[in-house]
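In structure tokens, the next block holds one chain alone, the form predicted alone.
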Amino acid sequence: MVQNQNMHSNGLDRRDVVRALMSDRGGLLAVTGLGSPTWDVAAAGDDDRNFYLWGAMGGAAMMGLGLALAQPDRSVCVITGDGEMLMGIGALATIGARRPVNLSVVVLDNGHYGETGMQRSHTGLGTDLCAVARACGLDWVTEATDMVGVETVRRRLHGREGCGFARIAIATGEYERILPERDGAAIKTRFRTALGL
């Protein structure tokens, strides 16, 4: 793993976080947000049950909602960043209106727009995504700032405790880009095959 020596100290290592979330995943389906979350999930282990989004910034949460509604017997986790969640913030209201018990949204929040040059994001300027998720009526909302909290989030991803949201504070930093399949048709086909469709 290649890391920037100027890594921000107020957050967790994103690769450690995602590796922990994806461990012992059972049948968990994962939808990944644009950029770093996709690379992080791929680095934790490419899997046919990972649906990588490459150019749909703001779409991961809605993709996760559609998948959760279509596959009610499977647990679905969206792993995305603060920038993408902010771009699709209205998705939380729609998710809150439907609240599928098998859907969890995990936001890796470093307070920056990592894909466009590390400008400070709205979360770095005070927007509280957990408060937004609570206001949208999700069943559970939590924040993790240490690996004990990350383990709690991992258990909730599988526990089907209701529709949930987790914000995980991560450090800024550069990592090796682990690039999974980029062809949209191939991703769709292998994902559908993994679902037995």
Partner chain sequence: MATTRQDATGTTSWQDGVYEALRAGGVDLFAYVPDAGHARAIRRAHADPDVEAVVLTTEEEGVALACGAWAGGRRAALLMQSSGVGNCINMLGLVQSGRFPFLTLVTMRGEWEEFNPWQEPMGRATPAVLEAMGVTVLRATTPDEAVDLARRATAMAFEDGTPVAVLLSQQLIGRKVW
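Keep in mind the model is a prediction, meaning the values are calculated, not measured. Numbering follows the first chain given and starts at 1.
Quick note: we don't show the form predicted in complex with the partner chain, though the next part is all about it.
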Checklist entry - Of the residues A43, V132, L28, M57, which one places a heavy atom within 4.5 Å of the partner chain in the model of the complex? => result M57
Checklist entry - Looking in the model of the complex, any heavy atom of M147 within 4.5 Å of the partner chain? => result no
Item to check | Contact test in the model of the complex: K188 vs the partner chain, heavy atoms, 4.5 Å | outcome: yes
Next on the checklist: With the partner left out here, check for me: in the model of the complex, does some heavy atom of V141 sit within 4.5 Å of the partner chain?
Outcome noted: no
Item to check | Contact test in the model of the complex: M62 vs the partner chain, heavy atoms, 4.5 Å | outcome: yes
Next on the checklist: For a quick check, can you give me the residues of 86-108 that have a heavy atom within 4.5 Å of the partner chain in the model of the complex?
Outcome noted: G90, A91, A93, T94, R98
